[in-house]
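A single chain, nothing else alongside it, follows as structure tokens in the form predicted on its own.
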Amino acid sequence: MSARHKKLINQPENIVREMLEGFARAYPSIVRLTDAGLIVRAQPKGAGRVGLVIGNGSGHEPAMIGFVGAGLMDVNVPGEIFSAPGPERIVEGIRLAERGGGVLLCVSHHAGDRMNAEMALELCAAEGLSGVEMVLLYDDISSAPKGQEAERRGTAGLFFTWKMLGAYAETGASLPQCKALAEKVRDATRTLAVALTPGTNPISGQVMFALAEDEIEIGMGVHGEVGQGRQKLQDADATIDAMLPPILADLPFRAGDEALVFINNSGSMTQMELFILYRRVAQRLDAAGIGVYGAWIGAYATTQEMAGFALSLCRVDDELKRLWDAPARGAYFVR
């Protein structure tokens, strides 16, 4: 194993539990860790509000544990490394999120996540747990062509949904309204990622994929899923010049639109690189007549030490701008 894959862990079988324990102890005023290993809000939201639950495989921290808190998600159901949580754990998360207004289960679109979420809803129905809905979230333009958006993967751009849906649920919006809002944000968001070097499984040490020193992969998924293909490594401006036009064309974004921009560090990019990349994004958007309402740059949904980034844009209207600006307090999102 090369030097960049060294890990400071204890027993591999305890890696997820110990990570969650450390996280919860670091942010006790925001979250708590249940005996079953779920991350929940330290102070539940008001009675009658819609509860928001999201599950995901571990190894992508701070997603999704960092987005539990006031104005954000209510419960995160962590799975094992890169593995979706089981249906029974999801049902436990739904029970914990219930505040009298129903529960919306947010599912990042991957086969295992969707299958287990659908099984969890079947268990809820069998147990008489009513008022539970599921919303499927996706944003990755590389994983299915335009016109087949529902087949796309969920990637870093779900960041926008977590924030704005969380704010909307705090207002007392109904379960159908919350689901419609999540779909609105999803349908206004487009993401494309690039990988420069692979990540590794922190338990096995197995490299997730291979790239030559002079290659990048455009459209790589958060688990190393194949993207649009290998290309030669270029400089920062040329990389953005290749990535931004297909994002803009897919929605499409047009002159006069306002957008939120997110550059997500996949794991081991430097802030220096990310700001150089954003500089080019801002230049290209200015030239296209698209206004930037806000920008977030940093590591929010990672794949261990993978080098790369995801570029996400979300077109916003007055409603979404109000929700974006609303207060939020999670471990990794404070507004």
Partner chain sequence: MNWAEVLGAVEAMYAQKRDELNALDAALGDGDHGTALHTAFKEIAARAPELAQARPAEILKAAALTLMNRMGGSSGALYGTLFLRASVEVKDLDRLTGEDMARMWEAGLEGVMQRGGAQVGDKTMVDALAPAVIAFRDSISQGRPAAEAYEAAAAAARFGAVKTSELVAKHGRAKFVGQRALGQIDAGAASTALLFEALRNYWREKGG
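Quick caveat, the model's predicted, so the values are computed rather than measured. Residue numbers count along the first chain shown, from 1.
Absent from the display: the form predicted in complex with its partner chain. The rest refers to it.
Item checked: Non-hydrogen atom within 4.5 Å of its partner chain in the predicted complex for each of E92, Q177 and D187 -> Per the other structure, none of E92, Q177 and D187 touch its partner chain.
Notebook entry, point to check: Among 92 to 100, 177 to 185, 148 to 156, 244 to 252, which stretch has residues with heavy atoms no more than 4.5 Å from its partner chain in the predicted complex?
Noted result: Correct option: 148 to 156.
Notebook entry, point to check: Which of L260, V107, A167, A84 has a heavy atom within 4.5 Å of its partner chain in the predicted complex?
Noted result: Checking each option against its partner chain in the predicted complex, the one that comes within 4.5 Å is A84.
Check: Would E127 sit within 4.5 Å of its partner chain in the predicted complex, counting heavy atoms only?
Finding: E127: no contact with its partner chain in the predicted complex.
Margin query: Test of understanding: in the predicted complex, would E133 fall inside 4.5 Å of its partner chain by heavy atoms?
Written below: No - in the predicted complex, heavy atoms of E133 and its partner chain never come within 4.5 Å of each other.
Notebook entry, point to check: Might A173 be said to contact its partner chain in the predicted complex, defining contact as any heavy atom within 4.5 Å?
Noted result: Outside the cut-off, so no.
Item checked: 4.5 Å heavy atom contact, S143 to its partner chain in the predicted complex -> S143: contacts its partner chain in the predicted complex.
Next item on the list: Just give me the residues of 103 to 122, first to last, that have a heavy atom within 4.5 Å of its partner chain in the predicted complex.
Entry: Result: A111, G112, R114, M115, N116, E118, M119, E122.
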